[in-house]
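Read the single chain below, which is given as structure tokens and is the form predicted on its own.
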Amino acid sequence: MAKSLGIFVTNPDNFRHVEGIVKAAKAKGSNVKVFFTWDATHNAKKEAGFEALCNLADDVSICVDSYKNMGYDINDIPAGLDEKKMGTQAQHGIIIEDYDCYLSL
């Protein structure tokens, strides 16, 4: 089985790095999960490549509490996600527990 990579994203300025890492990991056959929290939830609404990232990675979710705290309506689900991907910090725990490699950006 291919290695798995979990990426915990807190800084919105790292979106391009996240894209590049996800592309490289997928090219090597890795299972990739990305979780956006706090300021990085802005990427879900402000980055044109967010939907494409959701289609490339195996799992993308965002912290719904952070999304709300950044001023977004929790019912305005970003393109590329569905209601189930508007998660809690438990998504971060899944990365820590279930993924071979962990990266925080």
Partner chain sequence: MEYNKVCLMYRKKDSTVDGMRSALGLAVENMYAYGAVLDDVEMDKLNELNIESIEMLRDMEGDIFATSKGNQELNDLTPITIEELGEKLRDMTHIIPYGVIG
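Everything quoted here is computed from the prediction, not taken from an experiment. Positions refer to the first chain, counted from 1.
In what follows, reference is made to the form predicted in complex with its partner chain, a form of this protein that is not presented.
Heavy atoms of residue 63 reach within 4.5 Å of its partner chain in the predicted complex, making it an interface residue. The shortest heavy atom separation between residue 92 and its partner chain in the predicted complex is within 4.5 Å. Residue contact check for residue 82: none of its heavy atoms lie within 4.5 Å of its partner chain in the predicted complex.
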